[in-house]
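Consider the single chain below, provided in structure tokens and representing the form predicted on its own.
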């Protein structure tokens, strides 16, 4: 049994309070985190504030050097973080290894952005003055991260925030904190100064809210549910604190009859079942042209029904458990509700998983899902695919946009013009054409509507963690505004 304290000012605190982390595959407690309170939030914020002056005073190149050192350390030691992340959320080892082996790759572009960040001329049109745009870090940034991909999503926030000169306090999910704590210690060993990165564990209402509400907090970045995002935004607004919110999704996959069906099947399976549906961009609504629906759905049912449920530490496992028991109950309830609403269950993941210990739900497919059903409207965040059909392009677009969310979407067609046209019309922050789930440091990610606001990643990710200052300089003599020889009018 491992016991973790908070990570504050470059060291672990003594564990206090208790939050159990449950192994998703067995249902057993495998480690415990400290249950943070307002006083722990206070310590972490003060540590970050104390470190801010020195960290922000470094040049962009100096901060970049530290981030490059961290990237080098991660490229050599990432395997030390794998078991902790799997222990927390039950994700398959093949997927976790894929994410963490590339963790260093999120820090190198941020380091380069820090090196490239210089003031630039604003090109104003006024004679006798020039103006320059400068960039200032916010100060203490609070980052709140989810349980599904803790370290990858943390890296998306942390790398540009640190590159910009901010210091950061992280509040990971109370259900998945171990890998974040180990990462913070590793970052400190790699040369990140004490106080620049602090981690406080606990429940949102007990430690997350005090972090967001603290008068020294200057920026908040949150990834999680839209309900959680509302609470964070409301709390931050009380102190006029800017927020970046990456929230839920109900992403459509639109399949046209002229697509490559083999590619579409692979992309749909990847989009909804690769992480057992536990990703914000899960392609959970399948909107397929009627003429190819029967064949496509038959192939999906056959492929999904053959996927192997098992131990997440086994490389042969294709479907791992859901991350925690409360989430299992939510997904189970939504599957049951879909049946009650009249959706036709083609593959029942509750039956597939029956009798297993742990928090398992197998791939689940529903046909005849209508836009008034809960399964169409609400995020499941599980391995559940809702299927409907269309006859015209306009109908497909209308169905895709019939959602309160707008995070991602997929379009499958061999007609390049149609693909571009439909992608332009779909209301989503990211649209994939003939593939799904790509992510890259140079591609911004974020949502529309209830999927949040602001963007992470991209070639200017650092600027999301900077404030702009305009500096004006006179380049010629300043005329007297009240000359004595002006005649009275």
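None of the values given here were measured: they were computed from a predicted structure. Positions refer to the first chain, counted from 1.
Separately, the form predicted together with nicotinamide-adenine-dinucleotide (NAD) exists; it is not shown, and the next lines address it.
Enquirer: Consider the chain as shown here, without its partner, and state which of 400, 365, 151, 407 has a heavy atom within 4.5 Å of nicotinamide-adenine-dinucleotide (NAD) in the model of the complex.
Expert: Filtering the options by heavy-atom distance leaves 407.
Enquirer: Of the options 312, 358, 87, 224, which one has a non-hydrogen atom that comes within 4.5 Å of nicotinamide-adenine-dinucleotide (NAD) in the model of the complex?
Expert: Here the answer is residue option 224.
Enquirer: Determine whether any heavy atom of residue 248 comes within 4.5 Å of a heavy atom of nicotinamide-adenine-dinucleotide (NAD) in the model of the complex, and answer yes or no.
Expert: Residue 248 belongs to the contact set for nicotinamide-adenine-dinucleotide (NAD).
Enquirer: Please determine whether residue 78 contacts nicotinamide-adenine-dinucleotide (NAD) in the model of the complex, using a 4.5 Å cut-off between heavy atoms.
Expert: No.
Enquirer: Considering non-hydrogen atoms and a 4.5 Å limit, does nicotinamide-adenine-dinucleotide (NAD) approach residue 193 in the model of the complex?
Expert: Close contact is absent here: in the model of the complex, residue 193 is far from nicotinamide-adenine-dinucleotide (NAD), nothing within 4.5 Å, heavy atoms only.
Enquirer: Closest heavy atom of residue 165 to nicotinamide-adenine-dinucleotide (NAD) in the model of the complex, within 4.5 Å or not?
Expert: Residue 165 lies outside the contact set for nicotinamide-adenine-dinucleotide (NAD).
Enquirer: For the chain shown here without its partner, which stretch in 95-103, 365-373, 172-180, 387-395 has non-hydrogen atoms within 4.5 angstroms of nicotinamide-adenine-dinucleotide (NAD) in the model of the complex?
Expert: This holds for exactly one stretch, 172-180.
Enquirer: Would nicotinamide-adenine-dinucleotide (NAD) in the model of the complex be within 4.5 angstroms of a non-hydrogen atom of every residue among 55, 137 and 187?
Expert: Checked in the model of the complex: no contact with nicotinamide-adenine-dinucleotide (NAD) for any of the three.
Enquirer: Who in 51-87 is close to nicotinamide-adenine-dinucleotide (NAD) in the model of the complex, meaning a heavy atom within 4.5 Å?
Expert: Nothing in the stretch sits within 4.5 Å of the partner.
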